[in-house]
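For reference, the chain that follows is the form predicted on its own, supplied as structure tokens.
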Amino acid sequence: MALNDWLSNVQLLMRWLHVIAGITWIGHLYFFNFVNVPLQGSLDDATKKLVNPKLMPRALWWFRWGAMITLLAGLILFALTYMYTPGKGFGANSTFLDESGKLTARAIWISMGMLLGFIMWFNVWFIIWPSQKKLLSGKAGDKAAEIRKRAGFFSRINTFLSGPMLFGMLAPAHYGASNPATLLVAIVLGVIAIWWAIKTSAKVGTSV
């Protein structure tokens, strides 16, 4: 039986949508960086011309729209969780600001996660996808190598940001403390985890 108050039901729906879209987005980000980059380096030009026109448009569709839905659902969820109080309306609630008007630990963590997530979304929609669209349409011309390098660079940036971003998203509900030291540790651990995955991606799965 569903809960009687609409807020809990809408929050659950938005949380589910945010998570499943995020899995789609970050899953494709990791596919591109951990699987596709090493693969592309091992393919000759003829094979790339055969495989990529069928693979990349589909993967990039799920990639960019996963990012968009993650952002939109996340913004709604943030507003309902941190910027709304039943019976009072919209405005920062006690989950976001404490009695003295300072950011709570939850607010600091989610703000870090949202900031990194927004940067990643921007990179997808305004740098990576436009670059890939030019490459796939054949409009890149003599600048194809430069455009490919630019798209790859920002995709790699997003990959490194994803570790700290996910930490920031999970910490509000599962970790009660927040200070400069814990934020720094979260960022360093996230970056190290991604760095290790990138370094080993070319080696893993090459044998059965």
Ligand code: HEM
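Numbers follow the displayed sequence, beginning with 1. Just so it is clear, the model here is predicted, and its values are computed rather than measured.
What follows is about the form predicted in complex with this ligand, which we do not show.
Each of 25, 71 and 166 comes within 4.5 Å of this ligand in the model of the complex, counting any heavy atom. The partner is absent here; in the model of the complex, the one residue of 114, 105, 97, 136 having a heavy atom within 4.5 Å of this ligand is 114. With the partner omitted here, the residue from 170, 43, 55, 140 that has a non-hydrogen atom within 4.5 angstroms of this ligand in the model of the complex is 170. Proximity of residue 81 to this ligand in the model of the complex falls within the 4.5 Å heavy atom cutoff. Residue contact check for residue 10: none of its heavy atoms lie within 4.5 Å of this ligand in the model of the complex. Although the partner is absent from this view, residue 19 contacts this ligand in the model of the complex, with a non-hydrogen atom inside 4.5 angstroms. Although the partner is absent here, residue 129 is not a contact residue: none of its heavy atoms lies within 4.5 angstroms of this ligand in the model of the complex. This chain is displayed without this ligand, yet in the model of the complex the stretch 63 to 71 from 63 to 71, 34 to 42, 153 to 161, 178 to 186 comes within 4.5 Å of it by heavy atoms.
Residues of 50 to 66 are not found to place any heavy atom within 4.5 Å of this ligand in the model of the complex.
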